[in-house]
Ligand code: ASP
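We begin with a single chain expressed as structure tokens, specifically the form predicted alone.
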Amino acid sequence: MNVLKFGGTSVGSAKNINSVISILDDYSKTDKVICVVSAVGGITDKLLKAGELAQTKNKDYISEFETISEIHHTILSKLVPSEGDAISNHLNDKLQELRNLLDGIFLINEISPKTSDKLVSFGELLSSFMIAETMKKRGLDCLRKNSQELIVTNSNFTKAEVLYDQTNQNIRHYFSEAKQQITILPGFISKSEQGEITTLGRGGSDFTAAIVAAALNVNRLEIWTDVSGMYTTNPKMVKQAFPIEHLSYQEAMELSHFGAKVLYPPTVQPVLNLNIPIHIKNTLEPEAFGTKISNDSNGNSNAVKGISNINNIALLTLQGNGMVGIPGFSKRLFETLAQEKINVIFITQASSEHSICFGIDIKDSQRAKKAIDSTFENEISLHKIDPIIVETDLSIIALVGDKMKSHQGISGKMFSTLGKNNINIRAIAQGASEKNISAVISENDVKKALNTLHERFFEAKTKQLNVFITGVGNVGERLVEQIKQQRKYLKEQLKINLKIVGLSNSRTMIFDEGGLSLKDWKTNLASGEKASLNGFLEQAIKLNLRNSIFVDVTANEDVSNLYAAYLKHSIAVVACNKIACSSAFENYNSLKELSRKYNAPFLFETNVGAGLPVIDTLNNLVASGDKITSIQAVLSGSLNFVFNNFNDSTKFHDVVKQAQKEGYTEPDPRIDLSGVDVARKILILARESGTEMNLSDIENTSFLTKANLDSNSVEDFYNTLIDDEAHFQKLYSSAKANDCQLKYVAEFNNGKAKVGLKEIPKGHPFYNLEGKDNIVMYYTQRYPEQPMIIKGAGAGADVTASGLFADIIRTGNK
């Protein structure tokens, strides 16, 4: 004999009921079936609401009743499309009984627990009637048996206690003589010894099924719902969550207690006592395996079976020096809570006995505070303890698994994973059995925490990076395309799932928590909401995604001023914008400190050499204990391009124009040609080598004329280049006469830095530097004579984008 229970969503529509009937038909071909059904989804709440409205003399109870009536008639008309027959007439009769009861509540202005039980019992009576009659109409061997004739309880209305001796005798006797293949039982409802209607409380339909299954000692109990079993975590918050095929009873109870709504632990106790397996199945996907709950874990070796959470938690702390070494505080505290009928969800106490911390439902927090402060009024007045401290807007997250005790480091992995994402832990609880490790965190961090922990314990070592990009001009566009091209490779080879979650240019911005479509991102961005630097930041903070990375592909000072805000929210910053790192040393140092404090990488490799590993190499040298003694470099791809293409047969103005057109200079070429850009770069290298220095400390010997430097606009600047052509030709002629090449060189020696145009002789490493290439030579204690040399393209959209891309990947590996 099979016992199956179908919940409210499973019988919530004609379509779903047809699925239920199909499942029961299949089962009945091989064995007899007992089917316990809940009320149609949402009906119990509507019944309670109608009763409450009637009690308060609000005539809206009539419209609530009419909604209930319409829902049932609509479902029945789709199941049995014949109007006016006996089934419809009987449904009308039952609905009229319900209306009469509501009218009575309205008239006497009162609803007792006894009346409430009678009211809500209509939900299961109506659903079970419709399902049974539909099956009979379709020729199935089916009969409905009213559970109130089988399950006997005391008179504790709304949560009656079962009298098992009489109940088990009734069930065994009835089913020993029942001939039908399919028996439909309404769940949740029962009767007292005096024949009064009672209900079994929360999870009552599960309870009904468990009582019947235990009484008949069946091979297993099946609970059919709208999900394919119990999941590794909440699938509404974590898309990668998946059903757990096998759980022990203890694991299932722990997960259910911590928010997995598929199972309500107290209601399945009858089958647990007899070790009857429970199988959770999906009505809409009957072929899915679901979750089997038993004493046997089926060889599943995973230490962590699931991650769960409870929201709406208040954390209360009783503390004070007067508690230390004094027995009885805990007893008085929890007695007070018990007297107020307040359930304690979470408890932790330090060995110092200085404080006791416990979690309760937030709705009980003020009542608890008032009662506890009253209990300890004398101690509080004597300053032996403090008034109870209440913290709200919290949640509990928990790792669950029978085998966690035998696996070292589970707690460490849990807390380090949360810490790396700056998820602050307010309290921790872990019993000696180690079946559950719980932590209290901010409710705002729950989604991030669940995703982060699920990624750590259940996914194939794949790390998701959520990227927000500001600035999608030339370089930004190339970056997006590179990410689009490499996403599959990153996922398969590097186990990195990279998603662009936000994009912005100077006009519009778009967001998608699940990852923007990169197929038509330009079109979508063009129709996005109005861009705002602060709005972009606020949205990144609001989404609160794990492993978030903000990428600045601008040269905007206002954008760089927001880096601190991003870092403070544990959002990594990747920038090709040099302004922040070349700003006042205090600001540069503050950003570095924020990066360390909030465990948010701050990477800016492209500040100096575009895609060249200039800063990364320097950092590795310093980290390994080497010391930089001198840096010599050509750090401007644009200036190198200019002087490599300028000669006595070209015009300086034309070469600079060409460099700008090909994207080697900033939109304002004065930034490059004035040497400011190179000064910023050598400043950053000096700082990264450990020297405290500001931009004003760098000696900048400009090769431009006063007219060039004093120009008021880009157009004016170009005009001065034409006027001063002779000046530039003179520079070229001098170098040619000395058989040298003109290179704009940056130098750092003995704590001092300078930049300027130099004539480089043959044989020097800089002499044959071509095109837009950069070169950096590091002289260190380990490389005192032959420097470490890094050389390659130092400008261009593609290489700059690749440098940013590399920094993004680097954050994923931290």
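So that the term is clear: the rigid core is the largest set of C-alpha atoms that superpose within 1.5 Å between two forms. Note that residue numbering begins at 1 and tracks the sequence as displayed. The model shown is predicted, which means the values in this text are computed figures rather than measured ones.
What follows is about the form predicted in complex with the named molecule, which we do not show.
Open site. The named molecule, superposed from its pose in the predicted bound form, has no atom within 2.4 Å of any backbone or C-beta atom of the chain shown. The candidate spot formed by Ser38, Glu124 and Ser205 is fully in contact with the named molecule in the predicted bound form: every one of the three has a heavy atom within 4.5 Å.
Taking the partner from elsewhere, Thr44 is found to have a heavy atom lying within 4.5 Å of the named molecule in the predicted bound form.
Shown alone, this chain has one stretch from 197-205, 505-513, 625-633, 484-492 that lies within 4.5 Å of the named molecule in the predicted bound form by heavy atoms: 197-205. Once both forms are overlaid on the rigid core, the distance between the two CA positions of Thr606 between the shown form and the other one is under 2 angstroms. After superposing the rigid core, the C-alpha of Ile307 moves by less than 2 Å between the shown form and the other one. With the core held fixed between the shown form and the other one, Ser532 has its Cα displaced by under 2 Å.
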